[in-house]
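There is one chain below, alone, in structure tokens, taken in the form predicted alone.
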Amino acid sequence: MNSQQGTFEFAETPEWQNAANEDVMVAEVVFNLPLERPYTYAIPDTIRDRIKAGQRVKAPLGRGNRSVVGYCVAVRPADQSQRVLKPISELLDSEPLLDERMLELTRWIAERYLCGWGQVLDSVIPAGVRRKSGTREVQSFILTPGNEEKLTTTRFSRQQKAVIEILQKSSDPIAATDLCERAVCGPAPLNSLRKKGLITALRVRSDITGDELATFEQQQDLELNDQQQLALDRILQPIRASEYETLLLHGVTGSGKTEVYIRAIREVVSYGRQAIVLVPEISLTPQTIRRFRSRFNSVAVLHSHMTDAERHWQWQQIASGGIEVIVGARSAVFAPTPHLGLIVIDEEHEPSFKQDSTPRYHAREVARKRCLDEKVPLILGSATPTLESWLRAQRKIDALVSMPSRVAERPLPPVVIVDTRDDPRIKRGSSIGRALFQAITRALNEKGQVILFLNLRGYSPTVWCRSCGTGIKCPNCDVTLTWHRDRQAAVCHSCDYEIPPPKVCPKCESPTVRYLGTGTQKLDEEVQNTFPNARVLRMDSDSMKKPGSHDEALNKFRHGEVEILLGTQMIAKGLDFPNVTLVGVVDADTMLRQPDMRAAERTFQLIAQVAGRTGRGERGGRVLVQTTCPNDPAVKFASKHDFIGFAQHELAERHDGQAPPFSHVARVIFRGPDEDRVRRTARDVADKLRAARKGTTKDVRILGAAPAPVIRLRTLWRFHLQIAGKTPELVRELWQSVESSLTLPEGVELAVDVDPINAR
């Protein structure tokens, strides 16, 4: 068997013979393997009347006839010349898990992203659906008996008091998630009350009952301003005509895009159809969920923290057509809606919409294909769209809908670029320059709130030896270790390797080890020491590990319990706090220094997004951006809130180099434990591609092979090459012309990333 080609499997003994007539049916089956084509199997009499495309089966695979789970993708008449085939061993599903349209979509994904059809199907269908999970174990709470007097004499925080009042009104245990949602809090108040012995935790096994779809008190639609109404009217045109069209809703931060989405969805729901809303995973907060559930009768939420039972139950409800709106992260694009009427992708520029493991699809392109096939509109919303989406709109392939003003005509905040190269405070080792220090002091004196943005976590991003001048790197990765003071460890952010703080350099054994740079932990310490009377809260992936901690932190900030919020990109988007009068970008250069074609684009997006967190109330606000590159175009355009100017400049740069979006790229990554073997393999494949290119077209370029920017990752050496062409079809055809003849040496793997957005 050639696993690269996906060759048909034939029986070694005539267990079952196909007759040469149309009454005999065979099944096409794909497996979770990187195979090109389906395998053909005989259908036993016992399942002939029950087997359908979209069901899972067990079938023998390989020379040992090991029974493997696969997906039936077609049932068709046997060919006249069909040889003796192995029969399917078992039918696993009574009904198809996917309909014909979703099967066709997954086949397209396999072709577009150069992976196996079975790999796509295994990714699209959640594990809970495949296992048909129906029960779950839920942590629930009750009041601990015998504490009536203690409940009346103890002082509680506002959130603890809300938890107790809710439990006092219920005779039954209340699930932790429900309790947190009703008390508008995270898990901290529950843990505190449990430690005091006032509430008791129970583990309850329960069926899924539909509580996940609980609605909130329904709110009336907000009144749209003229700008919002014009945008909505344009979006409603393809909705009412039941036509496919992609609309790029380019609205500045605070322009009211979400309300436009909701009104468009309401129109879709009024026709008895369903809508899918994709948001970045980090935006799936209870605040976002409440906003949709207070406006629609049935809203399903799909996210990575759901149990198998919850995901299976939601899948069934969506497939039955009983759900109006599905809100979720990237994978929600596959929600099995029988009556799809609209897909919305909010913050469409977010890199998290691209999957970084096989199948490496982009949710935006999958949504575009699904909407095209089902003849429904697609809305892409962002204040800082990707250049790919912007170019399509400029070329009139997609429609551009603009919302250039904020709600209530509030002005965008002024952005001041602060050159820190000669700043006296920075020279003394501070991360907060003189101008930012004065601005924070003023904001706090005026009872305003402050957001500080730094896109580096940890205490110090670099562990460095002063004697030999080299960074101390992870032994498994080509990555410098980051000093985490709270854990008293130097940590690799790629593989989680960690060691105690090194006392000597592992290379030259000198004791002159230094910790350089500033991460969010160090900034947190500096801010608390500099402004001791201010309450400070840090939000990054280290401090927000507990379920619900993200929403709990934002609630504290919203209610004025925190004056200064600092963190990484998780605070750069989706937050609407009218009392924020100052945003400080502590170091804009951290994003510009990346060896990535999209470094300037991401720098502009992050500065523009974090700048949009202020000036949303009557008090207004301003933004200070600290940088040592004040003349960089991305920084200058972001300071003017000038996306159009930035897009024109950056697209001109990309056009000169024929880089995306003016070309389509497939990145082929080779990895293995032997550096020389991986290097030779990458070069051999690059030579084969160049040889194949000579006989086809000049519209395809081969770049590399070369070491990957991170040449070693998780103990594996990495080399890569790129295939760049004018169309995805040209790239795919060239790769497929050599793929079937590739034989990788032992220990070397390859991965193909179509339209990559991660350069490391």
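Nothing here was measured: the structure is a model prediction, and the numbers come from that model. The first residue of the sequence shown is number 1, and the count goes up from there.
As for the form predicted in complex with adenosine-5'-diphosphate (ADP), it is not shown, yet the points below apply to it.
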{"query": "Option touching adenosine-5'-diphosphate (ADP), based on a heavy atom within 4.5 Å in the model of the complex, out of Arg291, His649, Arg442, Lys556", "finding": "Arg291"}
{"query": "Among the candidates Pro461, Pro173, Gly433, Gly256, the residue which, in the model of the complex, approaches adenosine-5'-diphosphate (ADP) to within 4.5 Å (heavy atoms)", "finding": "Gly256"}
{"query": "Among 246-254, 633-641, 111-119, 524-532, the region lying within 4.5 Å of adenosine-5'-diphosphate (ADP) in the model of the complex by heavy atom distance", "finding": "246-254"}
{"query": "4.5 Å heavy atom contact, Thr568 and adenosine-5'-diphosphate (ADP) in the model of the complex", "finding": "no"}
{"query": "Contact flag, Asp576 vs adenosine-5'-diphosphate (ADP) in the model of the complex, heavy atom cut 4.5 Å", "finding": "yes"}
{"query": "adenosine-5'-diphosphate (ADP) contact at Gln317 in the model of the complex, heavy atom, 4.5 Å", "finding": "no"}
{"query": "Partner contact for Glu223 in the model of the complex: adenosine-5'-diphosphate (ADP), 4.5 angstroms, heavy atom", "finding": "yes"}
